[in-house]
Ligand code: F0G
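Here's a solo chain for you in structure tokens, the form predicted alone.
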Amino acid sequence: MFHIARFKAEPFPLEMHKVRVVQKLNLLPIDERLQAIQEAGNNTFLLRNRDVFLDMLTDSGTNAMSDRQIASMSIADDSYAGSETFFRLEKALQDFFGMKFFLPAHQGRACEHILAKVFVKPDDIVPMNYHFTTTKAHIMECKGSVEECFFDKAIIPESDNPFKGDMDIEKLKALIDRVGKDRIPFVRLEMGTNLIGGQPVSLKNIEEVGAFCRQNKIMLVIDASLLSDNLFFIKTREPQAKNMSIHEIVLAIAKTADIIYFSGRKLGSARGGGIVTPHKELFDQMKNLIPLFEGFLTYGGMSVREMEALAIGIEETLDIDMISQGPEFIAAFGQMLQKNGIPVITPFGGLGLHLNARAFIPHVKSEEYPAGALAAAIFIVSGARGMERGTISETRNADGSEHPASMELVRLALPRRVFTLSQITFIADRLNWLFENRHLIGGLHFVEEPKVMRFFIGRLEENGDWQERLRAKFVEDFGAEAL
């Protein structure tokens, strides 16, 4: 069923596709990489892509499309209203989730905006298995707040727990007892908790949370952006799903929810997003905001070409050969690093490989942003762009003090069907060298700090001159002309 080949007794993942279109990459010399990251304010979001060798920032909108997806774009109907493209996408989602009503939006955070505007009132509290940055920001904009109900073991970096994304129902019960049901507009369950290492949620837990919400007459909202990886983990790690088809698992998940929303940039390997629900009354509550904020009801801010590709991508999500590619290559990457003692989050999750920055550079304090510093160092020595998922991604406390993240992670995303094993081997080699010289890495401090989602556009500077010392050691070991 799954495609792991063996060579000299060493297992490795097998690509279940062939490459037919390529894009040229550019690997700058280290002096130019150092200059690029400093000009970007040590924020990998602000790097110019022409300066990046391996773009491992995210899998959002960066997964490779299939030949069927690209071909489908040629039949797009670009009518402003009543487009046949919309009805093809609507049918694909109805078949996939088993839900009748669909609202299009330009991406996942647009869906979060609609949900927050419609359902969140001042002083409301939204329980989650773990928060996501944009979700939390939209809820806070509506004067609500978020409370996380994860199991304590979810933030243990190295673990054999296969479903660290599960929601702790006892914590959820305690929250309801403390604040009352009237202050909880909905419970949000994220498939594949992004900020703690792409860790999945079990089907058993999803069904238990769904039953609890129904019993207490509270809406359950599922963020299905990372559903494809989560489906793979349920299929391969959960005994009750062993004999279920991928579609049967999807339908079992959907049966628990009142609303499901998703980013098509992740789920479906195209750009766009949407909200689905089986309830007409919920659909009617949300639909008036689509023309106001997104576009007409039959395009919702999406290009019709992307909508055609998304319809095919949703269908292809039921193919085990497609949804296995991310998790299997992430695991192979992680095993390369584990051999050299590099601290990574285990079990390996979805979306990308997650480095444990606190363990990688324990001498850098949370207030000096170790995950951000490590992401900058990785770019300097390799040209690979990862993403900080730590304290920089948090929001300061009300008194202005820093709010240290539960985990300091650097995410090295592996968009599906994009990188080769030789490229993964290259970045693993550079990480091995960096780990041997980790004592050279220092911290960062903000010089431009936005109040909202600072990780996107904030700028930082190094504390001291550690980046020049890192460059000098690299040149000493590899030579001035080495890449």
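Note that residue numbering follows the sequence shown and begins at 1. Just so it is clear, the structure is predicted and the values come from calculations on it, not from any experiment.
Quick note: we don't show the form predicted together with the named molecule, though the next part is all about it.
A.B. asks: Based on heavy atom distances of at most 4.5 Å to the named molecule in the predicted bound form, which listed stretch, 68-76, 265-273, 358-366, 339-347, is the contact stretch?
C.D. replies: Looking at the partner contacts, the answer comes out as 265-273.
A.B. asks: Each of 107, 190 and 226 having a non-hydrogen atom within 4.5 Å of the named molecule in the predicted bound form: is that the case here?
C.D. replies: Yes, the whole trio is in contact, each within 4.5 Å by some heavy atom.
A.B. asks: Report the residue, out of 437, 35, 60, 423, that has at least one non-hydrogen atom within 4.5 angstroms of the named molecule in the predicted bound form.
C.D. replies: In short, 60.
A.B. asks: Of 155, 387, 139, 203, which one comes within 4.5 Å of the named molecule in the predicted bound form, counting heavy atoms only?
C.D. replies: Filtering the options by heavy-atom distance leaves 387.
A.B. asks: Wondering, does residue 164 line up within 4.5 Å of the named molecule in the predicted bound form on heavy atoms?
C.D. replies: Looking in the predicted bound form, residue contacts with the named molecule do not include residue 164, since no heavy atom lies within 4.5 Å.
A.B. asks: Give a yes or no for residue 112: in the predicted bound form, does one of its heavy atoms lie within 4.5 Å of a heavy atom belonging to the named molecule?
C.D. replies: Result yes; residue 112 sits at the interface with the named molecule in the predicted bound form.
A.B. asks: If you check in the predicted bound form, is residue 85 within 4.5 Å of the named molecule, heavy atoms only?
C.D. replies: Taking the distances in the predicted bound form, the answer for residue 85 is no, it never comes within 4.5 Å of the named molecule.
A.B. asks: Does the named molecule come within 4.5 Å of any heavy atom of residue 129 in the predicted bound form?
C.D. replies: Residue-level check for residue 129: no, no contact with the named molecule.
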